[in-house]
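Given next, in structure tokens, is a single chain: the form predicted on its own.
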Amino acid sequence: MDIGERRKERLDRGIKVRTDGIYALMSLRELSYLTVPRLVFILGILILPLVMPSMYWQRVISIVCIYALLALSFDFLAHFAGLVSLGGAFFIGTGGYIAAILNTSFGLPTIVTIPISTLLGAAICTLLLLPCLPLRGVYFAIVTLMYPLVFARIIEALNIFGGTDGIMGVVSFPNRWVEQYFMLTMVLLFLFGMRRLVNLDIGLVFRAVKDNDQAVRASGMSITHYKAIAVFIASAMGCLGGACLVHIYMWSGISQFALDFSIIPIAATVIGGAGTLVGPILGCFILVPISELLRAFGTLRIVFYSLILVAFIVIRSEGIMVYGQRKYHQFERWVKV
């Protein structure tokens, strides 16, 4: 190769035209540059159930998907609507109890309880959080954290919805393949749906509410209205996870209001890369299996878990996805001068 007649050029040169979101696809090579990472991610997700060594790890995939929905919900609210929510457990518990009641008390099948629980649970969560929408930052986060704690204590004190024993006899999914691929499909649909949503006009309004809500109010738009829409979308993802969780375990109880459902999605978002949407999902696929592997250490697993989390934060504070995207766009090839 005559180096004098060639030079190195970044792969994305000629693809990015004016902004990172506008592309001019001129060849199959450029199309592949944009689509191959997405196809690899989708195919990798879909073949996971086929390569798991046991039914236990196949079940872990379903649990990972539930946390992934929560992490996606948290990332959307925090980085596109300006609402830091610690209410993952609130969403899970609400969707889970509604699904269990619909199934055990009304005899509705899984195919009906899940969509009803998703929409009805999202409506209930949005209604209860509506008075708190003017709050921002840590104040809104504290309120969302209190809801699951309050509901768990109410159920326990009044002995309603099965009390501490919970609601038993919930119907499971028809089989494990339906369970796993339904969960994986929901994660992919919500991921690409949210990526599309944040780039629409309403997504621009969400970002404007986050960055300068006074300017949005001055333009005549209702900030509370758009925040309520964002909370409804985010809580719908969490309630869907809760509804699926009770059908997976065939039981619903106050443990669904546990703080793990609020904390782990945040940790996964930090590891995967905040503001990327796909990063929190990757973080869940790393963090949750690690947590399962550490169960053999008993209570010491919290120590190892914390060390691993701190190492990720110190070494890659920007997140795995942000680092990977930057390195991918820095690839170079030789071209003729």
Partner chain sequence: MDILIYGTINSIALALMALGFALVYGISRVPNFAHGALYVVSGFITWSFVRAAGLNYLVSIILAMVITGVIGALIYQFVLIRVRGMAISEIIASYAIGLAILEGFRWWGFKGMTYTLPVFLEGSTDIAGIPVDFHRLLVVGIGGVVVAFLWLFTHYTRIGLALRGMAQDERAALMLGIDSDFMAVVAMAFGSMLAGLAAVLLLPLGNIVVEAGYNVLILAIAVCIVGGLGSWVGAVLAAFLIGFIQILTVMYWGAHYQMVVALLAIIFTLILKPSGLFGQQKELEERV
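Everything numeric here is computed off the predicted structure, so don't read it as measured data. Residue numbers count along the first chain shown, from 1.
If you look for the form predicted in complex with its partner chain, you will not find it shown, but the lines that follow are about it.
Look at the stretches 37-45, 304-312, 57-65, 271-279 and give the one with heavy atoms within 4.5 Å of its partner chain in the predicted bound form.
Result for this chain: 304-312.
Quick one: does L135 come within 4.5 Å of its partner chain in the predicted bound form, counting heavy atoms only?
Answer yes; at least one heavy atom of L135 falls within 4.5 Å of its partner chain in the predicted bound form.
Partner contact for P131 in the predicted bound form: its partner chain, 4.5 angstroms, heavy atom
Within the cut-off, so yes.
Is there a heavy atom of F106 lying 4.5 Å or less from a heavy atom of its partner chain in the predicted bound form?
Result no; F106 lies far from its partner chain in the predicted bound form.
Hey, in the predicted bound form, is Y139 touching its partner chain, heavy atoms inside 4.5 Å?
The answer is yes: Y139 has a heavy atom within 4.5 Å of its partner chain.
Site check S32, L50 and V178: each within 4.5 Å of its partner chain in the predicted bound form by heavy atom:
None of them does, since no heavy atom lies within 4.5 Å of the partner.
Looking at L188, I116, V143, I101, which has any heavy atom no more than 4.5 Å from its partner chain in the predicted bound form?
By the 4.5 Å criterion, the partner-contacting residue is V143.
Have a look at V112, V84, I124, M250 for me and say which one sits with a heavy atom within 4.5 Å of its partner chain in the predicted bound form.
Only one option qualifies, and that one is V84.
Just give me the residues of 42-71, first to last, that have a heavy atom within 4.5 Å of its partner chain in the predicted bound form.
Residues within 4.5 Å: none in this stretch.
Closer or farther in the predicted bound form, the Cα atoms of A311 and I142, when the shift from this form is 3 Å or more:
Compared with this form, A311 and I142 lie closer in the predicted bound form.
Between the shown chain and the other structure, the Cα gap of G283 to R316 differs by 3 Å or more. Is it closer or farther in the predicted bound form?
G283 and R316 sit farther apart in the predicted bound form.
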